[in-house]
Every structure is written in structure tokens, then in C-alpha cells.
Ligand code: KG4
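Heads up, the chain below is alone and in the form predicted alone; it's given as C-alpha cells.
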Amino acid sequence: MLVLGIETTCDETAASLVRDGHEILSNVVASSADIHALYGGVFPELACRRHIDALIPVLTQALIPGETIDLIAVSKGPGLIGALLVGMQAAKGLSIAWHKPLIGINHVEAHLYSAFISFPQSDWLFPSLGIVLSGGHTFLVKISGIGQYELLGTTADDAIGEAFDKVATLLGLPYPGGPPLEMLARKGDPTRFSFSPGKVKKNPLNFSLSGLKTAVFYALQNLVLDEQNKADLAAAFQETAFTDVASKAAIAIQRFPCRGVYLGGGVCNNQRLKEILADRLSPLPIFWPPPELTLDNAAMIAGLGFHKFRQTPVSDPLDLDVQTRIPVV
């Protein structure tokens, strides 16, 4: 089965062809991050306008002459309402024109699937721990199978990627803040500042990043913002945030017979995160998405769409609506 995936949840316009859930034939992404860098974050109206301009060229580049599409999978949420509508309406139009079934996909669930896509289904390990760390999402889930999730912990305020962007802004770094903050942290001393991760009383596996971000802000008030101070603050913030993720993941895997850990989301590109999790979660195998599938992309939408449609081979109706918020479970 050849699936066309369409992704327009935020500031990436993407289209991809994926065969049988794992063979990626094309994966095209057009980002509007250059526009949003002027404002230090995503400007929703401009993101939506860029999707309108970029979607047809991206689709044209992703489609392969001679290949017959069997299914159209599109992000139905969560995301920006205007951005989601651009992709959804295009997918519906193609479904009508090509007489092909349509399936709406949960963008956050697709981030988890990005760690599965490179491996044959016979090698998937269940039950497993799923961790999504991105600009809009931070959570832990027990995965019993594709589509079978139990939420273990989520964020009470900022997503971890959002916190990275905000701290990067405090340190005078460009948007998006994750990559430059990681580079700066390599030059810093993570032990110089004593930061503490946030705690949520109702659920010890929930995250709270707001207090950590505020601690960096107050530490800045008594410092000259030279390069070494900036590097030390970046290193301390990063170390605290990732150690918190590792600590909560270590608690989570004790709650069930966990056989592996699967990660998704843009923050998964951070090398220090990989080192900390490898150290804390050993000897469990950890599965990371390929770098090109960590940020928003359509291959993860198409790949997950294949499995969802195989489980329930019925097209979604043409009145399928987008949703700005969808829980993973």
C-alpha cells in the first residue's frame, strides 16, 4: 500500500510517499522558520499563509510519476487551526479527485511512530515506554501496540522545546533556540548553577518547566551576560531539564515489564539527551527516530496512516474536522 502523507500542523509544510508503513520513497519539507525567527517564535497567521503558498510545490515534488496512491493520510491535529485546515482541505480535495480513501492522523502519535518506522514490525518491542519531547509536547506513555497507549505523565505548563526556545531568547540566541543552546551548553559548566526541576504533586511523572525557566531568568539578573556566563547557564538548564526526563523515565519503566524505549520530537536531536538517557536507562534498548524525522514531517503521518487504515480499513468522512488539541490517549 502506497500512502501519501500531508503535514501542516505548525510551521513546516510537508508531503511524503511511504510504502507499507516503512519504505520512504519521498519526504519533502518546506519550513517557514525563517519568517518566525524575526519574531522569536511562531507567528500563526504568517505560518498559515506560508502553507498556502508552499503546499502545492511540496506535493508536486513529493509525488513520483508512475506510482499509484492507495491512501491519503493527513494531520488532523493538534496544531494551529488555520494551518491544519490548509492540509486537511487539500487532502480532501485529492481524495475526491483521485477516488482514494482518506484518514486523519494524530500528529503527536505520529511523532512516536517515527521511532518505529525504520524497523520491521517483527522487531517492535511491546510493552514499551514512549517519550515525546518537542516544541509543543512533553509526555510519557506506556505503549502496548500501535494505537494502544496509557498516559503516564505530561507537562503542567511549558513543553520542553518551548522552554528551550524561551531560555535561548533570555540568553540572546536566535530562534529556534534548541540547536544554538545545545552548542552553547557544550562550552559551559553544568554544575556552576544549582537549578531544580519542577515537581507536580498529583503525579510524580508529570513535568513542570516554567519554574526552571524562571530560575534562569533570576540567575541572569545578577550576572554580566558574557559568553562564559551564558554557556554555564545554558549547560545548567539543559542538564537539569534532561536529567528530569531521565529520572521520570526511569520511574516509569519500573511500573510495567518494559522491553524498550521509543522517542519522538525535535528535542530528540540533542546529543546530550542521548547520553543521559543511555546512561540512566541501560540496559534497555532505546530507539531514536532518524534525524530527518524528528521535526514535523509527513513520512511519520503516512507511515502511521498505513497501520491505522490496516486496523480499520474505512475511509474517514469528508466532513472530518481538524482539532487544535488531541490527547494521545
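Residue numbers run from 1 along the displayed sequence. The shown structure was predicted, so the numbers you read here are calculated from the model rather than taken from an experiment.
The form predicted together with the ligand is left out here; the points below concern that form.
The candidate stretches are 226-234, 175-183, 207-215, 93-101, and the one lying within 4.5 Å of the ligand in the predicted bound form by heavy atoms is 175-183.
Taking non-hydrogen atoms only, residue 47 never approaches the ligand to within 4.5 angstroms in the predicted bound form. In the predicted bound form, the ligand sits within 4.5 Å of a heavy atom belonging to residue 294. Contact check for residue 269: a non-hydrogen atom falls within 4.5 Å of the ligand in the predicted bound form. Looking at residue 113, you'd find every heavy atom of it more than 4.5 angstroms from the ligand in the predicted bound form.
By the 4.5 Å heavy atom rule, the three marked residues 107, 136 and 165 all count as contacting the ligand in the predicted bound form. When the ligand is considered in the predicted bound form, only one residue from 188, 87, 79, 161 comes within 4.5 Å through any heavy atom, namely 161.
The single residue of 7-31 lying near the ligand in the predicted bound form is 12, the criterion being any heavy atom within 4.5 Å.
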